[in-house]
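Take a look at this single chain in structure tokens; it is the form predicted alone.
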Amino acid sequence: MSDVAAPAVLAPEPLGILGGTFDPLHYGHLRLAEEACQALGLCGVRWIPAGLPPHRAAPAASAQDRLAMVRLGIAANPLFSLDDSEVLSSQPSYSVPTLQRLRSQLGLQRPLVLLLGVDAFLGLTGWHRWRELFDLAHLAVATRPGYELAADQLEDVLAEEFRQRQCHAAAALAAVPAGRILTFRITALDISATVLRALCKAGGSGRSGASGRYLLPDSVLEYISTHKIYS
């Protein structure tokens, strides 16, 4: 019998999942993904633009334009990848079917971390089949400096899930594939997609002083201008 020890099997690193309309993509989105990689020990972030978001009015930009803007905005970061499946689908974009599809591709043991803002998490009970999210992924909730998310801010059913599932160390996300909730702080960037669309529209009409520059990547701003997305 050989005395040579078998090589250790390394557990797969957690992969971040960031969905949204990205109408348009801006530095708030990019900074959230960047800081999530650092704070949570993610191997990367997979961006998934929604094709047909079911819980809001139709985005101002088409699905293909939003996909193109995300592709341009994340191109320089090797930790970021793009998933176009929701844009190409004719079905509404719900998180549970999306995560089920990712599970079928990546396996049951890969830790997946769904990245959310506080507002999205506070409204989680209104999501389609929201309880099933915990069977498919961890939830990482981005909070601004000086803000602490507590169970008493949540609806009773969500508060109970929060109490049972909350962990306080990023390493816990790598230990199991899904089911935990972790909060992490990000740099506060008060950038509104609604305001950006208005700025781009005003800039396109020639109004003096209206500009989205330094609020979103130049490549995205150029795409908006060239294709007259919001004007």
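Quick caveat: nothing in here was measured; it's all calculated off a predicted structure. Definition used throughout: the rigid core is the maximal C-alpha set that superposes within 1.5 Å between two forms. Note that residue numbering follows the sequence shown and begins at 1.
The same protein has a further form, the form predicted together with a small molecule, not shown here; the description that follows concerns it.
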Counting heavy atoms only and using a 4.5 Å cut-off, do 101, 108 and 180 all touch the small molecule in the predicted complex?
no
At the 4.5 Å heavy atom threshold, is residue 116 in contact with the small molecule in the predicted complex?
yes
Heavy atom to heavy atom, is residue 144 within 4.5 Å of the small molecule in the predicted complex?
yes
Residue contact check: residue 197 to the small molecule in the predicted complex, 4.5 Å heavy atom:
yes
The small molecule contact in the predicted complex: residue 62, any heavy atom under 4.5 Å
no
When the small molecule is placed as it is in the predicted complex, which of 117-125, 88-96, 152-160, 71-79 ends up with heavy atoms within 4.5 Å of it?
117-125
Looking at 191, 43, 172, 52, which is the one with a non-hydrogen atom within 4.5 Å of the small molecule in the predicted complex?
191
2 Å or more on the CA of residue 145 between this form and the one not shown, with the rigid core superposed, yes or no?
yes
Closer or farther in the predicted complex, the Cα atoms of residue 171 and residue 145, when the shift from this form is 3 Å or more:
farther
What happens to the Cα distance from residue 39 to residue 147 in the predicted complex: does it get closer or farther than here, with a change of 3 angstroms or more?
farther
